[in-house]
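Next come structure tokens for two forms of one protein chain, structure 1 first, structure 2 second.
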Structure 1
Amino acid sequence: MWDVVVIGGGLAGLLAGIRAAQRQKKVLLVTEGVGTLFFFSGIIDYGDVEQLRLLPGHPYQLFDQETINRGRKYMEQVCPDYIDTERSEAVLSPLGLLRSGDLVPKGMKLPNLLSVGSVVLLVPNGLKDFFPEIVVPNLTNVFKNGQIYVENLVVEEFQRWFELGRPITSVDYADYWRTQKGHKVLKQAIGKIKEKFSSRLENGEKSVVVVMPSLVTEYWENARRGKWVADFPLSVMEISSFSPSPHGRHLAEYLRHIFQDLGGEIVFGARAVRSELEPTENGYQRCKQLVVQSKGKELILKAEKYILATGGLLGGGIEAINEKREIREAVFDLPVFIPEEWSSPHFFEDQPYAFAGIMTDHQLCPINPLTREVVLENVYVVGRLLAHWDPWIQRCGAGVSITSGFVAGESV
């Protein structure tokens, strides 16, 4: 018998599990796949919280400002390499453009532009999802007072891949840099760059900054399994990544390690297929047990409380039944809020279907959209599965996931 079963291994589910485990709860997390964190750029956006809290039904309405701030501070405590300056920070997009983020890794933080004399873009060979011919002109616009240089880095381990036409992604390079040999290769390359600029630096020229993709330094010093400290001879700034993102992958890895170090257990490749309910003394219903399919077998999981973090339409938490816009929640068959209009004919406009999801009370227990009555009193809904918001247009996906995951972990 578990105290808590978390269904889903994305940002909301992992944070909920970590917070519950910190509170001495016996927690099991079941996840079918890698989760949407693999598509996470590494930059945490909260959106315009004050304005979003004014929108009807938006998840931020479930929490007061103090709770939202506590969740934000909690994320910083769990991942201390994230900087919370209580204002947006400027970072570089995968194309070298400026964009802002509410919580950003230290390795992505933009330096004081006035102090930078030279910017060296370090380009690993054969990198499929990086485009230096586009990045360089954009860096010129960002570092207006600096000179932009390009250095190509040939890595022997990937040269054979390159010759065979095998794609080399940011994830491949990020994994390599995190090995002892990869770190040594990168440190030597940056050392050679420093040698080239040594006379300028000795003559008082402004600082030299190395800009590169696929680095992911933010978890090196804090992950438990022997990561290499980024002791480079020059300041290095990372560029955020396209999906699938090495930053998201390593954040997921890091959070799983934290969860397991706290005593939490994880079952991978497990799909929750149905639940069995029972009535309560106050006339509501509660989940008695959960049925999970794993490796061709059905497992029965019993817990006092359940946290549902399976995602929305794209994540599989909500399933389309047919072509008539009929959808259902996949685990507990919870009543789903469905907007009157399903889609907009204009691609870049708000798409109403994004607002489909599960409505909850302030404790995150699911409610019926029509009667507003609690449906299951020992189930908590978090993250993308919540109704009445659009994480892409409103740029608040991570903020809602962090806040709701933190609150659920505090509540169970």
Structure 2
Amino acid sequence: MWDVVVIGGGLAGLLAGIRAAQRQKKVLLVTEGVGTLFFFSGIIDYGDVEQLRLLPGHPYQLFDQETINRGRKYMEQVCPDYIDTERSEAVLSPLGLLRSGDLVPKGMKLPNLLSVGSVVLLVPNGLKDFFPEIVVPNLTNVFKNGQIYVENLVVEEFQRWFELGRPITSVDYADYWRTQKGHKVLKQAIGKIKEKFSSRLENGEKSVVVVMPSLVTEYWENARRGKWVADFPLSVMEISSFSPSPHGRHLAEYLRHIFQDLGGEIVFGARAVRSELEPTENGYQRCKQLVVQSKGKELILKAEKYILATGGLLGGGIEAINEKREIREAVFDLPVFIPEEWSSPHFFEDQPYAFAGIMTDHQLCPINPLTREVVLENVYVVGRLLAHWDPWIQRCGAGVSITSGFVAGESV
């Protein structure tokens, strides 16, 4: 018998598991895959919390401002290299556009943009999904007083990949920079840039910075291969990446390790397929046990409390039955809130499907959208699976996952 079983190993599930394990709970986390953290840029968005709290049903309405702030502080505490300055920070998107972020990794933080004289965009050879021809004009807009230069970095190690036409992703390069050899290669390249620009610096020009995709400059304490901080002769800004994102993967690995070090256990590659319910004394229902598909057999898992963190349509928490346009929640068959526009002819216009999900009470227990009655007393719903929000338009993806994950981890 577990204290808590978490279903889903994305950001929301991991954070909920970490908080619960830290509170001395015996926690088992069951997950089919790695979740959307591999797509995650590493930049944590909260969105305009005050405004979003005014929207009917928005998950932020479930919490008071203080709780939202505590969740944010908690995230900073768990991942100390995310710095919370309590305002949004400017960082670079994969296309070199300026974008704001609420909690950002140190290495992505930009300096005072107007103080920068020269910007050198360092492009590793053959890097997949990176488009200098788009990035350069964008950087010109960002660094208004700066001059943009491009340096290509040919890495011998990947030459063969390049010749074979094998895509080299930012994850591949990020791994390489972290090795002794890779670090040396990069340090040398940056040293050369410094030399090239030294005369300008001496002539009193403003600072020179290097901007670079595919780099994670800091691996945090408890990283299994040791804490690692890149050390370069010039200051280097990281650009975030498209999927698979090295920052997202780094965060996913890190959270997994923290969770396991706190005594949590992860069951990988197993899907929760259904649940068995039982009535409670006061006439409600609760989950009695969970059925999980492992290789060859079904496992029965029993816990006091269950945290449902299975994501939305993308994570697998909501299944769409295409022809009928019906959707259902995959594990507990919870009643799903479906916006009316769902079946309208403008179906894909405003993406109303983004608002589909599970409605809950303030404790995050699922409720019936019509009667508002609690459906399952010992189940808590977190993350993307919640109803009434759109992470894309409202730019609050990680914010909602962190807040709800933290709150569920606190209350189980």
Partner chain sequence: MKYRDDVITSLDTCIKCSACTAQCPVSKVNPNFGGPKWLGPDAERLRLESGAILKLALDDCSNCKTCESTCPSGVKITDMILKARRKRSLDQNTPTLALKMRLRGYVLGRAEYLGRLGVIWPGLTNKVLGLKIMRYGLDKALGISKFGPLPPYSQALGIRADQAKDGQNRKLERKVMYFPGCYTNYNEPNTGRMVIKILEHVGYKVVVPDFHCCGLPLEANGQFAKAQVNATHNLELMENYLQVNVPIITSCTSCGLTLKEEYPKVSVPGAERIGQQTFDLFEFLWSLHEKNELPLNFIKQEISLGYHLPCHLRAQGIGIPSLRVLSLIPGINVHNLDVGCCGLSGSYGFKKEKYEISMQIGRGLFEATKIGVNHGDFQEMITECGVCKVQIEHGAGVPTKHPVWILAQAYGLA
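Whichever C-alpha set is largest while still superposing within 1.5 Å between the two forms counts as the rigid core. Not measured: the values here are computed from a predicted model. FYI, numbering is relative to structure 1, first residue = 1.
**Student:** Please identify the form predicted on its own: structure 1 or structure 2?
**Tutor:** Note: form predicted on its own is structure 1; the other is not.
**Student:** Is residue 334 one of the residues whose C-alpha moves 2 Å or more between the two structures after the core fit?
**Tutor:** No.
**Student:** Return yes or no for residue 137: a CA shift of at least 2 Å between the two structures, with the rigid core superposed?
**Tutor:** After core superposition, the displacement of the residue 137 C-alpha between the two structures reaches the 2 Å mark, so yes.
**Student:** When the rigid core is used for the superposition, does residue 77 move between the two structures (threshold: C-alpha shift of 2 Å or more)?
**Tutor:** After core superposition, the displacement of the residue 77 C-alpha between the two structures stays below 2 Å, so no.
**Student:** Having superposed the rigid core, state how many Å the Cα of residue 194 shifts between the two structures.
**Tutor:** For residue 194, the C-alpha ends up 3.6 Å from its position in the other form.
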